[in-house]
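The chain below stands alone, shown as structure tokens; this is the form predicted alone.
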Amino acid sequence: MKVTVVGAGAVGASCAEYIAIKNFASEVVLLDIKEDFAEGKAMDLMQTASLNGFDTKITGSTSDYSKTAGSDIAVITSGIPRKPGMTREELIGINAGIVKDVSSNIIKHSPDVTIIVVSNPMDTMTYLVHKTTGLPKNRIIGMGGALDSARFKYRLAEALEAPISDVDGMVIGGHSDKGMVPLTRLATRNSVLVSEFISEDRLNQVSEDTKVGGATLTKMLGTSAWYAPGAAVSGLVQAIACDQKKIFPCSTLLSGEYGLDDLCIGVPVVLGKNGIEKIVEIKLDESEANKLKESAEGVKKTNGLLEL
């Protein structure tokens, strides 16, 4: 199992580290345009191997896509990160060109690859990969929902004063501050609806805190977060590499599901060796369905800024 991570910045390096530590891949290739940067990150990570007990080989490369040949999975994190006050949508002009170039180079050397898109605006970048590569739709996946759901569960556990392992919940919709749809109605604590434990007002606050989770950290850190995004990506990679058949909310190309068509947006999917093996259509109430529709309209508006 060979995994390529394009972009050796904070998110890409964290992703490579988590994949290596989980020890399911034979090799992780880190690639970056900055001279010796990916090589340095790879060397630093390899020097943790004996300490962290993994045998995954981590290789660094400066823009040499031949090193990525034969990759089973490729993760695209490259592009400029958000700065305080920026929306994900404002990154589209620069990042669209980067993502298009990166995906083309990856496929040239690994035609059977499954691509996971992390670069923002993530739903639109995922749509761009669909429109420009010709890969089957099951092999193009946008990461956002897995990260947003992890942030949702963090906020739920905080509100419940419960261990996070007791909590389950999901965020669907667009990976944007306004587009996320945290499914508070369906969230549970050890199979009991969280509405049994906390008030509707507190649940609404959890939802709002979840939606601005990325912006909150960008303001605090001065740049985009990296630990949770890296961990979210590694979870998707492992589910595919190990054929786990796990359900994650991911950005996928819809063709009528949820009443939506010709856009990528976060919905629950089953991930296995074939990438997206099934789109799971859960029954939404009227409010949730309307919020998902509004989110889709926002994503389509951003898609309209692409120069395809």
Ligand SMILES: NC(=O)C1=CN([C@@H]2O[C@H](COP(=O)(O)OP(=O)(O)OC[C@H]3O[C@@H](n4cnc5c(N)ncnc54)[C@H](O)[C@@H]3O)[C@@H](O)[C@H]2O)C=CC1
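For every residue, the number given is its place in the sequence shown, counted from 1. Predicted, not measured: the structure shown is a model, and the values here were computed from it.
Below: the form predicted together with this ligand, not depicted.
Student: Can you tell me which of 162-170, 107-115, 223-231, 200-208 lies within 4.5 Å of this ligand in the predicted bound form, counting heavy atoms only?
Tutor: Stretch with heavy atoms near the partner: 223-231.
Student: Using a 4.5 Å heavy atom cut-off, state whether residue 21 contacts this ligand in the predicted bound form.
Tutor: Contact with this ligand, no.
Student: Even though this ligand is not shown here, does residue 120 get within 4.5 Å of it in the predicted bound form, heavy atoms only?
Tutor: Residue 120: yes, in contact with this ligand in the predicted bound form.
Student: Can you work out whether residue 33 and this ligand are in contact in the predicted bound form, taking contact to mean some heavy atom pair no more than 4.5 Å apart?
Tutor: Yes - in the predicted bound form, heavy atoms of residue 33 and this ligand come within 4.5 Å of each other.
Student: Flag residue 124 as yes or no: does it have a non-hydrogen atom within 4.5 angstroms of any non-hydrogen atom of this ligand in the predicted bound form?
Tutor: Looking in the predicted bound form, residue contacts with this ligand do not include residue 124, since no heavy atom lies within 4.5 Å.
Student: Tell me, out of 103, 238, 184, 78, which residue has a non-hydrogen atom within 4.5 angstroms of this ligand in the predicted bound form.
Tutor: Checking each option against this ligand in the predicted bound form, the one that comes within 4.5 Å is 78.
Student: If you apply a 4.5 angstroms heavy atom cut-off, which residues in 139-156 are near this ligand in the predicted bound form?
Tutor: Residues within 4.5 Å: 143, 144, 147.
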